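Just the one chain here, laid out as structure tokens, in the form predicted on its own.
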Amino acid sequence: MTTNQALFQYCLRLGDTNLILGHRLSEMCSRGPMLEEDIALTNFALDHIGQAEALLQYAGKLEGKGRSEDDLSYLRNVEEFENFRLVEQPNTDFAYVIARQFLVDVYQCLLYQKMQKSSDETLAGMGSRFLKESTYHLRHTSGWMERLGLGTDESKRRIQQAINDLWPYTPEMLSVRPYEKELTAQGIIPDAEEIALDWLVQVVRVLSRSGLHKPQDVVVPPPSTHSDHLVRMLAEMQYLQRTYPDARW
């Protein structure tokens, strides 16, 4: 695998993750527990879609086959998507939305902070821009973790259950793909193992501050299998483009 091919896969992975998470958050539009939170989650969705657009546009350029960010978003089948399975999990309730977002926010803040130092100018620029958005996201969701964990017995039960149920999907997010090792050695992408260590420290710190605990005896799902949730999401997300190919507004 060439450097360009490896970097294409990497950008696809990050781009798909933001695309799917953005779509999940868009489902919360008009469903937030209060108007301010409804607007916040909708803005988060727009941030992630914007990050996805930039990453998938660069991925298409690296691939060199003339595929745009729209082609990569709307004309691939479910088995071709590289997103973390964590982000395709459904919006079971508000606690699940916050827990999922918090776990991703910690990861993305660490990732983008280190990505700013990439030897690839495009990635470095994206890291600098995306970090500003992710820092705000993390401040917001960390606050909600504390409010729910230190709130009523019911809010604590729900946020702990959400963390318990979503935790098995975090190892995939923190794993190192074979093609990433050479990119890390060249200084193009951050060291995933360093991110994983820092991620655990930061997550546990917020959990402890919120009266919550890290799940034990976690059963990790089999690798490389997307859930039916993603199948249904893509069917909805890609419907217009597949029904009216090459449609233009």
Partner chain sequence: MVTTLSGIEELVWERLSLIPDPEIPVISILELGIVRDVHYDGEMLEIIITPTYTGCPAMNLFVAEIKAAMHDQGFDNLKVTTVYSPAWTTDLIPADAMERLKKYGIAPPVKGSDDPFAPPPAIHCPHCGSEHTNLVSQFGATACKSLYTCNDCKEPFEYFKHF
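Being a predicted model, the structure only gives us computed values, none of them experimental. Positions refer to the first chain, counted from 1.
Below: the form predicted together with the partner chain, not depicted.
*Interface stretch in the predicted bound form with the partner chain - options 23 to 31, 38 to 46, 211 to 219, 60 to 68, non-hydrogen atom within 4.5 Å*: Going by heavy atoms within 4.5 Å, the stretch is 38 to 46.
_Full three-residue contact with the partner chain in the predicted bound form, heavy atom 4.5 Å, for Gly125, Phe130 and Tyr136_ = Yes, because Gly125, Phe130 and Tyr136 each have a heavy atom that approaches the partner chain to within 4.5 Å in the predicted bound form.
*Contact residue in the predicted bound form, from Ala95, Cys109, Leu86, Leu72 (heavy atom within 4.5 Å of the partner chain)*: The option sitting close enough to the partner is Cys109.
*Ok, His140, Arg76, Lys156, Arg177: which has a heavy atom sitting within 4.5 Å of the partner chain in the predicted bound form?*
Answer to the contact question: His140.
*Does the partner chain get within 4.5 angstroms of any non-hydrogen atom of Ile195 in the predicted bound form?*
Answer no; every heavy atom of Ile195 is more than 4.5 Å from the partner chain in the predicted bound form.
*asked:* Against the partner chain in the predicted bound form, would Glu121 count as a contact residue? Criterion: heavy atoms within 4.5 Å.
replied: Although the partner chain is absent here, Glu121 would touch it in the predicted bound form, with heavy atoms inside 4.5 Å.
*Would you check, heavy atoms only and a 4.5 Å threshold, whether Ala54 touches the partner chain in the predicted bound form?*
Taking the distances in the predicted bound form, the answer for Ala54 is yes, it comes within 4.5 Å of the partner chain.
*asked:* Is it the case that Gln161, even though its partner is missing from this view, gets within 4.5 Å of the partner chain in the predicted bound form, heavy atoms only?
replied: Output for Gln161 is no: heavy atoms all beyond 4.5 Å of the partner chain.
*Is any part of 198 to 216 within 4.5 angstroms of the partner chain in the predicted bound form by a non-hydrogen atom, and which residues would that be?*
Read in sequence order, the residues that approach the partner chain (within 4.5 Å, in the predicted bound form) are Gln202, Arg205.
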